[in-house]
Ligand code: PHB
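One chain follows as structure tokens, the form predicted alone.
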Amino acid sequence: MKKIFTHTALATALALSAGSAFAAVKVGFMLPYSGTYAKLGEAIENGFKLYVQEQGGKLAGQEVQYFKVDDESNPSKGPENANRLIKRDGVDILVGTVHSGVAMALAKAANDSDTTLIIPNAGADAITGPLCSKNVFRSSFSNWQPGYAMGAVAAENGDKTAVTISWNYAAGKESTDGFKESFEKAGGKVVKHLTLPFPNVEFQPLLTEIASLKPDAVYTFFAGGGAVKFVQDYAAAGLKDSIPLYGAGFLTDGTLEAQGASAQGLQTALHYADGLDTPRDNKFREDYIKNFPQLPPDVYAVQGYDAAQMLEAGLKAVDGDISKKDAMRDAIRSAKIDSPRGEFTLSKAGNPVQDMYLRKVEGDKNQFVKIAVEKLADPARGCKL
């Protein structure tokens, strides 16, 4: 009986391993699962898993095993949390995160351990600039990209002067710098950049200064609760009807319900929009709503979905052998991703080269208006790859 059992066990093992020559690919999600950004982390994970589900639960024929750590949106805990996934769980791929400060710590941990990292949101320019690395990729955007696109639109609209305003932190500076670069390149002039400490929302003194400066337009980078209050205060100050307010897409993404009538008609730039109405996006939205009815199919879900696509492109090139890191990374960098946002490629620095859309708030939608800038590549200043 013992001999028969051994043969049976061997046959079972062979059957289980058929078509899968390697161990399961271990994917570690380091995302915010609590606090302000919890819904964003959930949407990213949902999008990633939706793509894997569409491939029959595998990527390039390999099973996918998931591990999760709540990054708590706390940069000081970044190294410790990253090492829980890298050293304790032995993940092959890191996927994270939303907060740029945490992403910087995550990128360092990935580099130190030679682990492949796909960033599904954090837009810090430095990650694909001075800190660029052969094993770090982004499925989202750089902070510079939406700002640059909106500056081009403002100039196209005939605006000659502008004021920029943001919290005094890296994301705000990088976004407003992007706006200034393209706006002034087209002949416009940013007459003043206004800031206030994060997360201060006492906007009234700055709104009074904007009114006195009388620019043709205002460009802003705010998100979350700050975006809600800024949009409401801007309208309440009587500025909305006299000085057009432009923003990076996060001004009105996930905030429209709270902003109410104050947001109607606002124009923003981002790499995703409602109403793209392409077969690829319509199918994605339909499938996402079917599987995750509690959350909208938003930009965060798309970024998670495309992180999985990028990983699959790399795995296919090495026939699922995750140990062939360099070949897999080269394949990711040279991939063409068929995204719900529209097809995109990756720059040498690992950042999407993608269409940036002009959107206009109509009801509860950031409705597609037009392509603001086609195939916009982040300049990756300081990258030595």
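Quick note: we count residues from 1 along the sequence shown, nothing fancier. If you superpose the two forms and keep the largest set of C-alpha atoms that fall within 1.5 Å, you have the rigid core. Keep in mind that what you see is a predicted model, and the values were worked out from it rather than measured.
Just so you know, the form predicted together with the named molecule exists too; it's not on screen, but the next bit is about it.
Task: Partner-proximal stretch of 150-158, 93-101, 260-268, 277-285 relative to the named molecule in the predicted complex, 4.5 angstroms, heavy atom - done: It is the stretch 93-101.
- [ ] Give a yes or no for residue 123: in the predicted complex, does one of its heavy atoms lie within 4.5 Å of a heavy atom belonging to the named molecule?
- [x] Yes, residue 123 lies within 4.5 Å of the named molecule in the predicted complex.
- [ ] Give a yes or no for residue 143: in the predicted complex, does one of its heavy atoms lie within 4.5 Å of a heavy atom belonging to the named molecule?
- [x] Output for residue 143 is yes: heavy atoms within 4.5 Å of the named molecule.
- [ ] Please run the contact check for residue 169 against the named molecule in the predicted complex: heavy atoms, 4.5 angstroms, yes or no?
- [x] Yes.
Open item on the list: Since only the chain is shown here, I'm wondering whether residue 221 would be in contact with the named molecule in the predicted complex (any heavy atom pair within 4.5 Å).
Closed with: Because a heavy atom of residue 221 falls inside 4.5 Å of the named molecule in the predicted complex, the answer is yes.
Open item on the list: Only one of 137, 272, 230, 300 gets a heavy atom within 4.5 Å of the named molecule in the predicted complex. Which one?
Closed with: Among 137, 272, 230, 300, a heavy atom within 4.5 Å of the named molecule in the predicted complex occurs only for 300.
Task: The single option of 349, 40, 27, 356 touching the named molecule in the predicted complex, heavy atom within 4.5 Å - done: Looking at the other structure, the residue within range turns out to be 40.
- [ ] Taking the named molecule as it sits in the predicted complex, which residues of 244-272 have a non-hydrogen atom within 4.5 Å of it? Please list them.
- [x] Going through 244-272 in order - heavy atoms within 4.5 Å of the named molecule in the predicted complex - there is one hit, 250.
TODO: Spell out whether the Cα of residue 113 moves at least 2 Å between the shown form and the other one when the two forms are superposed on their rigid core.
DONE: It does not, since the residue 113 C-alpha is displaced less than 2 Å between the shown form and the other one after the core fit.
Open item on the list: residue 168: after superposing the rigid core, is there a C-alpha shift of 2 Å or more between the shown form and the other one?
Closed with: True for residue 168: a C-alpha shift of 2 Å or more.
Task: Cα displacement of residue 255 between the shown form and the other one reaching 2 Å, rigid core superposed - done: It does shift by 2 Å or more.
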